[in-house]
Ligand SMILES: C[S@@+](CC[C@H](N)C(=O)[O-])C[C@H]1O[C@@H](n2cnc3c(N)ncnc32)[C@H](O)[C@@H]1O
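Take a look at this single chain in structure tokens; it is the form predicted on its own.
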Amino acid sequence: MFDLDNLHKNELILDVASGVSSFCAEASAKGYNVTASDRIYTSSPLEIEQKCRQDLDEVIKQLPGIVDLFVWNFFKDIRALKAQREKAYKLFIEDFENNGTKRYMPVEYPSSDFIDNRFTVSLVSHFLFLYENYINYDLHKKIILELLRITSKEIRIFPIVNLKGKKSSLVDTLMHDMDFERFQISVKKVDYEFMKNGNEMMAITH
């Protein structure tokens, strides 16, 4: 979803609002330098694991009614999706227990304690644009400006659709915002699509 083939292992990568994703664990195991950031990291591994189990059960219950909103290529069916999500959060829990203070930073966006240009690349997955009905444009802007402060090269945001699978109205608003005119903003198709029409990534570069 982030077209990471061109990322080098010397990049300092920030996973933004990363939650219980296994990306930090898996990428770190491959030799990448990744820091995950989310407000949930103030909780204990046990508390997070209990919440993971409950949240996944709730999502799986809802899926049969909205199955047509998704493309079932990457995941064969709901059972395969559940198995992959279980595997992912268990990988996360194990890594969080072993490397919690080293790789996982509690952050309540839009503010952070990271120094300027702390990272070279920041990745934002299923957070901005997707929840446009819950996160207004002002908050989107504050979060992205904060990420630009702490990121020296590029921010990548995926997907750019809302929960209905339609391009977020905030994409064009951001691209025409004068406060971002000094940055290069582009939209690129990627080789991943689970939500219908959710196969594009926004890149914001210095």
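One-based numbering along the sequence shown. Worth saying up front: this structure is predicted, and the values here are computed from it rather than measured.
As for the form predicted in complex with this ligand, it is not shown, yet the points below apply to it.
This ligand in the predicted complex is not approached by K51, whose heavy atoms all lie more than 4.5 angstroms from it. In the predicted complex, this ligand sits within 4.5 Å of a heavy atom belonging to S125.
Contact check for K141: every heavy atom lies farther than 4.5 Å from this ligand in the predicted complex. This ligand is not shown here, but in the predicted complex it comes within 4.5 Å of a heavy atom of E108. When you look in the predicted complex, the only residue of I13, A25, A17, I185 with a non-hydrogen atom within 4.5 Å of this ligand is A17.
This chain is displayed alone, yet in the predicted complex one of V161, L170, I40, L148 has a heavy atom within 4.5 Å of this ligand; that residue is I40. Along 130 to 158, a non-hydrogen atom within 4.5 Å of this ligand in the predicted complex is carried only by Y131.
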